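Single chain ahead, written as structure tokens, the form predicted alone.
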């Protein structure tokens, strides 16, 4: 698995008289962790939704490497390797942790009676390999010791880790994470971000994060974009961006 770059060129999105995105330009380099910050209403979530296909931009382009994915349906962008998570995880609560990861295997050959009879050995090998991969992704997010636990027994933070493991199992090249540390105790929040660094370094996955807990997130990210009023007002290393007077004023004014 390896990451891919995302380039947003002149993205515009309006809702009635509100210009939620006003000519946004963003370039997320492959195999990096980028942080998207700004006060409520600045356009962060709208940008994530436009990249993932939840919303279609009114103008501008979204490129995945050199492929134009502007306006594609969410499932098409998902299949291209771009996956968005939500603030509130939604695992299959009655299924085990491992089963939750296995259902994300989109290349599964199926279990029809004819395929089972004619290709039984191949099918069994695939099942074994699928379980091995799922367990490895659980190990990546430090949930391997809970592989047989019912998902309903996990804490909110552990469910967020499970959601990341499912994304990896789906073959994600780019992860768009909406507040992965929201509602999580500080120790587990640090663990979530440390896991993201390991995923970036070990698997080469590209990660874009919307997060309000800046004191934690900035320690683990390579690049930062600050938004206000539908525009990117600053970009650079997290420490420099968060010290920028325009960014400070946007938070005070928000």
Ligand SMILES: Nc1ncnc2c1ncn2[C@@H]1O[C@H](COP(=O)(O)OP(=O)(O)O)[C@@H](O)[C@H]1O
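Residue numbers count along the first chain shown, from 1. Source: prediction; values computed, not measured.
Note that the form predicted together with the ligand isn't included here; everything after this is about it.
Put simply, of 221, 42, 206, 52 only one has a heavy atom within 4.5 Å of the ligand in the predicted complex, and it is 42. The stretch among 181 to 189, 197 to 205, 57 to 65, 34 to 42 whose residues place heavy atoms within 4.5 Å of the ligand in the predicted complex is 34 to 42. Although the partner is absent here, residue 240 sits far enough away that none of its heavy atoms falls within 4.5 Å of the ligand in the predicted complex. In the predicted complex, the ligand stays beyond 4.5 Å of every heavy atom belonging to residue 24. Although the partner is absent here, residue 20 lies within 4.5 Å of the ligand in the predicted complex, judged by heavy atoms.
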